[in-house]
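Below you'll find only one chain, the form predicted on its own, shown as structure tokens.
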């Protein structure tokens, strides 16, 4: 009840504060712009804005970052529909039916349907933040060092499995590489230097944001500059043929909306998986349940609805473990988690105790961001699409400069810029060799949690490891890890024998 009360109070206070509303408005527009530009991602957009929000109080900065996150995931649908290139990976499933609709003279209708469905998906996500986060937070209070240690490993394993379905081993290697790199610096228990090689810059460890900007930003820039092919752009909205009104479209897709929203939320809760997986899973479910599966891939409104509802609902789901477990559900949520730390908000099981208003406040800000997204989406984003006419060769160097400047102002250290560039090259190597970035980043974030809690658990029981297997939640997580690994490994071995 308290969360619901704060939820409505935060919405009312935001709407009655013109200055805050102004900041949220331009942040949402910035997020939509980031999403529209192919090659940029929500992760990069949130990371760049994080470096620019140091001067803002947390009650302003966090909602601004939420607006960029929500706006970017939505903005990617614009290019997916008119350009057949997803603005962000989360909108890849949108291209399958969005672009055929645009080519058939329904570009305006498809854009508006995507806007409305994205808004409904975000609202479903907000509902689950309010209803599910307090319950998950209460469960998290029962966690001890044993559970948090296994949870960190569980998150890395499942993120590796889901983001590298063709070869999960690459996902697990990426995840454990992130865990290992997180060990650099002074350990948190006895302050022993690890992997510092006498370099004083490494004693404090490696900051999260340079790693995120490097791993996600630099590979995107290099890939965009490498991709010089010109795509077909449908920017003619003079025709807007449609068989149903928007209200009739919503009614016809009501079940699809609810199903896709729930899929999006629950995939968002899974550590490190993210919006792109949610969109594809919901799209596949919609096709299986549809009475017209033959229309999928040829301009199906059901397919467009499923993809756009799920990826935006996933944003809400990804925020839930951030607030309650300090475990990000997606890459942009990882940056959001880092931003909360920077602004002095300690996310995790103690958040509902130390900041009981935070869950309701975030959910309220999330709904405000959704409202702004829908308003701007229906009114002005078609003008933003004109930016697609600007050559990539001009845009990407500008983005690179923003990455460098944003990384430098984080701590005022040139060392962070070198770290960003180094991890950028690593991220590019991983991309061209099909190693997913998400488990790597998740491992890097969860590394300190795994390290500290494993050692603390062993110290509490004088080196006895049996509590890992006798405590119920810890045992369930261990069994889940074993099943995930076996489910990916055993079928492959059987296939090889044949």
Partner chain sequence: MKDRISASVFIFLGIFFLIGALKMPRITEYGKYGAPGIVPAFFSIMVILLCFFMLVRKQKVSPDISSKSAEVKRAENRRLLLASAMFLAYVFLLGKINFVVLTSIFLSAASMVFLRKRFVLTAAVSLAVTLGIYYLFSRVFLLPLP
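Keep in mind that this is a model prediction, so the values were computed, not measured. Residue numbers count along the first chain shown, from 1.
Another form exists, predicted in complex with the partner chain; not displayed. Remarks below refer to it.
Screening 344, 198, 165, 397 for any heavy atom within 4.5 Å of the partner chain in the model of the complex leaves a single hit, 397. The contact with the partner chain in the model of the complex, taken as any heavy atom within 4.5 Å, belongs to 428 out of 376, 428, 154, 143.
Here the chain stands alone, but in the model of the complex its contact with the partner chain, taken as any heavy atom within 4.5 Å, falls in 168-176 among 168-176, 109-117, 261-269, 293-301. The closest non-hydrogen atom of residue 435 lies within 4.5 Å of the partner chain in the model of the complex. Contact check for residue 51: a non-hydrogen atom falls within 4.5 Å of the partner chain in the model of the complex. Although the partner is absent here, residue 355 is not a contact residue: none of its heavy atoms lies within 4.5 angstroms of the partner chain in the model of the complex. Residue contact with the partner chain in the model of the complex: residue 472 places no heavy atom within 4.5 Å of it. With contact defined as any non-hydrogen atom lying within 4.5 angstroms of the partner chain in the model of the complex, the contacting residues in 412-427 are 414, 417, 418, 421, 426, given in sequence order.
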